[in-house]
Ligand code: BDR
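Just one chain is shown here, as structure tokens, and it is the form predicted alone.
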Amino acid sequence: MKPVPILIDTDPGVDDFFCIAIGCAFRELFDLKAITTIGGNNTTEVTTKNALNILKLLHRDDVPVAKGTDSFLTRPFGRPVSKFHGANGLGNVELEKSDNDPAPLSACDMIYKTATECNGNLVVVTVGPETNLALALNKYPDLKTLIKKIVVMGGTTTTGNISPYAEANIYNDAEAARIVFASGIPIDMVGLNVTRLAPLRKSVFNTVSPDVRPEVRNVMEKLIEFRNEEAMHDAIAISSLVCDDVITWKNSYTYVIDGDSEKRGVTVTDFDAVTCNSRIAVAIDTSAYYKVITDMINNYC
């Protein structure tokens, strides 16, 4: 089988690092066409530089990076989330600077260009606020026919992390998320209800090859340590593309509450709906997930 063409829409981001690392590592599975960036964990300027520097570290300078907007659809970004991502967005770990510049296209235009070139086979992995996707869907009405599937790290069927009800990626641009979920494009939603269950420990390195490039291993270990060995949520979302059995899914019709109510950012799931627009993650096979992580690390030998 040919590798699946993917585009990662991201706001790097400590756990975004591991998502990008998985997208780069499995060349037999993924044809990583582009990365598009958005702010959230930090400014879009910072997250774009982080994406370029991550690709340099992983020896994937061939992948273009397109910068997104400097605000959400209807409101400005909040302050950088330094508690969870460090002052520089990457756990205060300094990466070697990339010599590459962002692509001349905006993130919105890059999504459309890539989807058009992939003839309906593109899978979009979105692990930050969904602003870029929403802008692209609004600008290009035919885009909804050109994307095969969207994998979303966001939402929850239980409790949130930014409010009692909502997860941060969805909450921060609920207006964008509402557009994406209403687009008709099939969606796999990997939310906090499952990602919280799979912390990433430094002990994962006990079983990897001693030939893993030390500069890659050192960065990964520092990022895991910075996050106190908690879950790397974005890595779990893309791992479901490596092995579908990582996740147990349940079909749903799902929509997002936007606006300024206390339920802002809630992903409302109707598991009894006759017509479904999404698969919702309801459980995780941690052994399968940790195997994906181990295989990914070993691919950096």
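Just so we're clear, the structure is a prediction, and the values are computed from it rather than from any experiment. Quick note: we count residues from 1 along the sequence shown, nothing fancier.
Another form exists, predicted together with the ligand; not displayed. Remarks below refer to it.
> Using a 4.5 Å cut on heavy atoms, which of Met153, Val124, Val194, Met110 is close to the ligand in the predicted bound form?
Replying inline: Among Met153, Val124, Val194, Met110, a heavy atom within 4.5 Å of the ligand in the predicted bound form occurs only for Met153.
> Among Asn161, Ser98, Asn92, Thr116, which has any heavy atom within 4.5 Å of the ligand in the predicted bound form?
Replying inline: So the residue touching the ligand in the predicted bound form, by this definition, is Asn161.
>> Only one of 208-216, 163-171, 130-138, 177-185 has heavy atoms within 4.5 Å of the ligand in the predicted bound form; I'd like to know which.
In response: After filtering at 4.5 Å, what remains is 163-171.
> Does His233 reach the ligand in the predicted bound form, with heavy atoms at most 4.5 Å apart?
Replying inline: Within the cut-off, so yes.
> Would Thr267 sit within 4.5 Å of the ligand in the predicted bound form, counting heavy atoms only?
Replying inline: Because no heavy atom of Thr267 falls inside 4.5 Å of the ligand in the predicted bound form, the answer is no.
> Should Asn41 be classed as touching the ligand in the predicted bound form when contacts are defined as heavy atoms within 4.5 Å?
Replying inline: Residue-level check for Asn41: yes, a contact with the ligand.
> From first to last in sequence, which residues of 1-33 have any non-hydrogen atom within 4.5 angstroms of the ligand in the predicted bound form?
Replying inline: Asp11, Asp15, Asp16, in sequence order.
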